[in-house]
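Next up: just one chain, as structure tokens, the form predicted alone.
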Amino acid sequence: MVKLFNDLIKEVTTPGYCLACGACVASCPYESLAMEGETPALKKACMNCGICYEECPQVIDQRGLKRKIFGRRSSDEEVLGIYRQALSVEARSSDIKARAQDGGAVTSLLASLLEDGFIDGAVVMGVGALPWQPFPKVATTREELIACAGIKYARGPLFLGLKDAVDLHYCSRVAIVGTPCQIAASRRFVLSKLTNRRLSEAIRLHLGLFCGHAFEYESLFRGVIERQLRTPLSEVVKFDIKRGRFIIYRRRKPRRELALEAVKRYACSPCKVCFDYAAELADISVGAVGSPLGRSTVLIRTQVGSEAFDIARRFRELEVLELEKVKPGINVIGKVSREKKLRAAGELKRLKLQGKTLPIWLQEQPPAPKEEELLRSIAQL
């Protein structure tokens, strides 16, 4: 039986598991859906096609996607998922290094792919009408990539950007840059039998970002930073997380810092039950953990990812080292990834004990995560 938008509301939105990624809205071929703030809503008659449900990453056990992508599941030892190469990189170009996060790997890679023609557009997270409010942008030039560089640390409707890339920019070879949950959605576009082919066939590269959690824009950015700290978001030039601190860089003013533990209370609800830190479903995963300051860690996972990264090497946009040759190295990433999985298992157990609604994929098929500690936690559900 085909499930519809009303099922998404019942199973995902109402119990608080919606990612606000916009995949359901963007995929609707009849444009019956729209985002109301961070919530998808029905704006005109539903035609009962079921595509919106099939694009949602929150209704399935994502291990099934991993089998389709890699031909197998991760082993118990592969806490970071399946990958071919682990590298530490730094952008060579000063214009990218001046604006980008950490080593500038994502911006440099995408700039090379645009110049080569491997892609003709990238869907990245820029800002919307309010300062630092995430909103998708379609970058088709190096300058547009640099303008959107930097992590926003809040969630936004990324897949409205995919629709714009195809409908407004006429892109046919698109890179999707997103957090692990957003990469799961982009994989759903490509791998679901019931999908919006016009959009799915335009996706060429899935570029994932390491992610502990996203934060609620209204409560943290507007409530704490603007009102409590009296720091206008308009004067903030960059946010960062380093060594247990949430760092706020301000234009021509001293930076401000908050303890990361103190801001974790503002993490978005779906993030608390997410098991994926290292974007395990991506073609290439990128983050700061594992590399020295000023460099990015890159995990190349698929053949498409290898082809894309080789282009950046050919354009000499990146200085590349094997991750095993730098410190703190791969083991630190594994530790962070394992901790996130354990936290998610603990949160699911807590929700179960409180009689709260569990994610629909867990109701239908209990998970069997990799680590022994995690198995013991889940066994109590």
Ligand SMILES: Cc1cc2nc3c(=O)[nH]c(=O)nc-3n(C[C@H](O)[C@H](O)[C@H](O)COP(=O)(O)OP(=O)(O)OC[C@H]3O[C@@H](n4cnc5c(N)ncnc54)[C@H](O)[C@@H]3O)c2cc1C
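For every residue, the number given is its place in the sequence shown, counted from 1. Not measured: the values here are computed from a predicted model.
Although not depicted, the form predicted together with the ligand is the subject of the following passage.
The partner is absent here, but in the predicted bound form a heavy atom of 286, alone among 80, 111, 174, 286, sits within 4.5 Å of the ligand.
For the options 277, 217, 246, 309, the one in contact with the ligand in the predicted bound form, meaning a heavy atom within 4.5 Å, is 277. Within 4.5 Å of some heavy atom of the ligand in the predicted bound form lies at least one heavy atom of residue 150. Contact annotation: residue 192 falls outside 4.5 Å of the ligand in the predicted bound form, judged by heavy atom distances.
Contact annotation: residue 104 falls within 4.5 Å of the ligand in the predicted bound form, judged by heavy atom distances. Residue contact with the ligand in the predicted bound form: residue 233 places no heavy atom within 4.5 Å of it. Heavy atoms within 4.5 Å of the ligand in the predicted bound form are found in exactly one of 67-75, 219-227, 152-160, 301-309, that being 152-160. Of the residues in 212-229, those that come within 4.5 Å of the ligand in the predicted bound form through at least one heavy atom are, in sequence order, 212, 213, 214.
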